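Take a look at this single chain, the form predicted alone, given in structure tokens.
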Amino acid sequence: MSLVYARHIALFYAQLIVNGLVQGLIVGLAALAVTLVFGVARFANAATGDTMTFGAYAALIGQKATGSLVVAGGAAVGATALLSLTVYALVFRKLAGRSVVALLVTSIGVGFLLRAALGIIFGHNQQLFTVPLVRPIRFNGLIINPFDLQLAAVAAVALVGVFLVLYATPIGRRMRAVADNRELALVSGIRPERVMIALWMLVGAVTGVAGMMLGMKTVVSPELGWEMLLPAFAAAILGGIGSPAGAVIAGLLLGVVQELSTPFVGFTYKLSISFVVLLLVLLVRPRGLFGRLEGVR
């Protein structure tokens, strides 16, 4: 194998890793939303993907109305947080105390309902964000899209914001207390209703950012977020269900692995890697890489 060919192969896989990191940030944000709900509300929210789709449409409307991606991001965060809170108030709050299976099935129904509503309102044609054309950055043979760097910066800001809420605010400490030991938290005087309101608004905001990023990387359609649900669940379980940091790290790992698999399984079937990862984790290490949420200090 010549040195030129070896360098070409190395650059090819390095490019896939770079692409996978951006995709992994989207998966990590979605997995973070899944693991936060599971950690505090104690069920797997299967409506997460369709809530992402709602966020993408909200951002699309915001951009078409103003031409600004900043306004689009604000619309995605605000509208999805409001939707998440509304779903909690109308559905999940009334089912508090029911079994995990009942809540999971209900969340599947919420997802179907949301997807159908989006299809009726916006149709099933694929829609695109209007993004400026920019010259790619070349770095030692790697091609980096400045737009991907901007999306990575947005994801980083969102992640910093979430972790600041979780670890540097009183409501975040209450969320972690409920996640760590719900009964002890209630005995300590923590009001679960306020915790749940903050949780669902936070989850909605994160989901909105993830949905907007996914819509900007691909195309917006009612099925957009549904296809992201399996990678999000796989990353949440790989990171250790209930572990926010684990979900983000696992999302990055899964994004990279999916991109590296494309030369072998093709672009269409790379999502199947998520199922393989999910199956392996459940068989080998059900607690995932980072286990459960840390206790409150």
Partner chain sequence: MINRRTLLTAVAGTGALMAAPSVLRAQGAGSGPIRIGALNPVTGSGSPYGSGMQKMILAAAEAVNAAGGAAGRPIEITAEDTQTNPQAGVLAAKKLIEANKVQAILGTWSSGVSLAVIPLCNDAGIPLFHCSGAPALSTPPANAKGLGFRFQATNGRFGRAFAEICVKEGFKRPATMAFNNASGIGNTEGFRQAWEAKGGKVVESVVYEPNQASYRSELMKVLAAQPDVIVTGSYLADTTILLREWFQSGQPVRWIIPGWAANPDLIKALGPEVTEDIISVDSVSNEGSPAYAQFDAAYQKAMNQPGSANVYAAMTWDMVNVLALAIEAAGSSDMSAVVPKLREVGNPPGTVVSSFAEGKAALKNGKINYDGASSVLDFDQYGDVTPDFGAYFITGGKLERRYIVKI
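Positions refer to the first chain, counted from 1. Small disclaimer: the values here were computed from a predicted structure and weren't measured.
Only in words, not in the display: the form predicted in complex with the partner chain, which the text now covers.
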Single option in 86, 99, 126, 169 placed near the partner chain in the predicted bound form, where near means a heavy atom within 4.5 Å: 126
statement: If we test each of 37, 250, 26, 58 for a heavy atom within 4.5 Å of the partner chain in the predicted bound form, the one that passes is 26
- request: Answer yes if any heavy atom of residue 218 is within 4.5 Å of a heavy atom of the partner chain in the predicted bound form; otherwise answer no.
  value: yes
message: I'd like to know whether residue 150 contacts the partner chain in the predicted bound form, with contact meaning heavy atoms within 4.5 angstroms.
response: no
- request: With heavy atoms only and a cut-off of 4.5 Å, decide whether residue 68 touches the partner chain in the predicted bound form.
  value: no
- prompt: Does residue 145 make contact with the partner chain in the predicted bound form, using a 4.5 Å heavy atom cut-off?
  reply: yes
- prompt: Where, among 153 to 161, 71 to 79, 90 to 98, 127 to 135, do residues come within 4.5 Å of the partner chain in the predicted bound form by heavy atom distance?
  reply: 127 to 135
The partner chain in the predicted bound form - contacting residues of 5 to 39, heavy atom within 4.5 Å: 12, 15, 16, 18, 19, 22, 23, 26
